[in-house]
Ligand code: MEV
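The data below hold one chain only, encoded as structure tokens and taken in the form predicted alone.
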């Protein structure tokens, strides 16, 4: 039997960076993600379709980009006390260097598919716990929001160390994602914010508190269908994050292009320094926004909310 698992990528709607320091963030699963295929095997191997890279976990020279997935498989086998190996193949339709949670969606899909191939169906909480072993290799001290959203799907209010609150949208909410194509190291951006916090502790703490309040307000606006209020909050968040020094020219150019069209709001999403911009649109405004920002972005796609989280299944060989 072949075991499959699909886990979506994510966008941070509000609260990135501040969530690391205890703020509540608002995040959502998107309509692109990662699919993992695993089969029981005498040895454990990983093949990435996107990277065209393979690894044998019995070897000592595992490629750097596959080490998080190797850590996820090892965590699953240790947790289940399994000695059997797995042959894992993984592919993603998330744009490269996009800051849309590719590492977390890969980890979640890998954990679920590996366990299922070995005859075990893990709970969501177990998947999340084991996937975090891979995320810590990538982001050192992750808040956990990426893994939570990838596993649970939907729209979540998230606070580090607490159970996420799933929200119900009264109607479909339309976002457009515009990728800068600029690669950056998340850890470098987190360090930049940490230094800023050390230099301005009281002001930063006020940002953390404000971020929580505004995330709640944005969640209420999206759930009630008040998209203009939600868009205004996104715009304000972008200004604050830009002031912290994590925006770049390519991001601001996309934001300006989006707001010059029919967008209701736009902001960087995730770590900043590159990655992607999220743009809140009315249903009738999506096409115009995509047309406008396509002139200044490397890749653009629409992602209506909500989207489902982790899905796993078995298929006969």
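Bear in mind the structure is a predicted one, so any value in this text is a computation, not a measurement. Numbering follows the first chain given and starts at 1.
Another form, the form predicted together with this ligand, is not on view; read the next lines as being about it.
Taken together, the three residues 12, 145 and 271 all lie with some non-hydrogen atom within 4.5 angstroms of this ligand in the predicted complex. This ligand in the predicted complex comes within 4.5 Å of no heavy atom belonging to residue 133. By the criterion of a heavy atom within 4.5 Å, residue 174 is excluded from the residues contacting this ligand in the predicted complex.
Of the heavy atoms in residue 90, none are within 4.5 Å of this ligand in the predicted complex. At least one heavy atom of residue 186 is located within 4.5 Å of this ligand in the predicted complex. Considering this ligand in the predicted complex, the lone stretch of 263-271, 31-39, 56-64, 283-291 in range is 263-271 [heavy atom distance within 4.5 Å]. Distance criterion of 4.5 Å from any heavy atom to this ligand in the predicted complex singles out 190 from the list 234, 214, 190, 128. In the predicted complex, 10, 12, 16, 17, 19, 20 are the residues of 5-42 with at least one heavy atom within 4.5 Å of this ligand, listed from first to last.
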